[in-house]
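Coming up is one lone chain in structure tokens, specifically the form predicted alone.
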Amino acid sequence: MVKEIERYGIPIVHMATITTISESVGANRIVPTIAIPHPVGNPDLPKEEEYVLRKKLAERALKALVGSIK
């Protein structure tokens, strides 16, 4: 699906726990995430630490996206 969306000129960042699958389907911008049941978070962390973790992942994805637009 990533390649189909990009075919229409919409850049995509693929956030995935298993990056080899993302690479095999041809994703250009891949951001590794945490774990399969909780890809963009860790419910075992205190609320404040999880917020920092999620923010870091979102910023990494945004940097990948912005870098592709330039």
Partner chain sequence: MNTIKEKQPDIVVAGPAFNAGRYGMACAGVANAVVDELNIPVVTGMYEENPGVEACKSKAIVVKTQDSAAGMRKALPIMANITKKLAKGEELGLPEEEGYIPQGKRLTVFSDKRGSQRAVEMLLARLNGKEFKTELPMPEFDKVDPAPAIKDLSKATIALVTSGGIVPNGNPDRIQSASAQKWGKYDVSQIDALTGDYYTIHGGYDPVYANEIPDRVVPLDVLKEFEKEGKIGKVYEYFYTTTGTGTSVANATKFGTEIGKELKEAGVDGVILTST
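Positions refer to the first chain, counted from 1. Since this is a predicted model, take the numbers as computed values, not measurements.
The same protein has a further form, the form predicted together with the partner chain, not shown here; the description that follows concerns it.
Q: Though only this chain appears here, would Pro32 touch the partner chain in the predicted complex if you measure heavy atom gaps against 4.5 Å?
A: Contact check for Pro32: no, nothing within 4.5 Å of the partner chain in the predicted complex.
Q: Taking the partner chain as it sits in the predicted complex, is Glu49 in contact with it (heavy atom to heavy atom, 4.5 Å or less)?
A: Glu49: no contact with the partner chain in the predicted complex.
Q: Pick out the residues of 43-58 whose heavy atoms come within 4.5 Å of the partner chain in the predicted complex.
A: Pro43, Lys47, Glu50, Tyr51, Arg54, Lys55, Ala58 sit within 4.5 Å of the partner.
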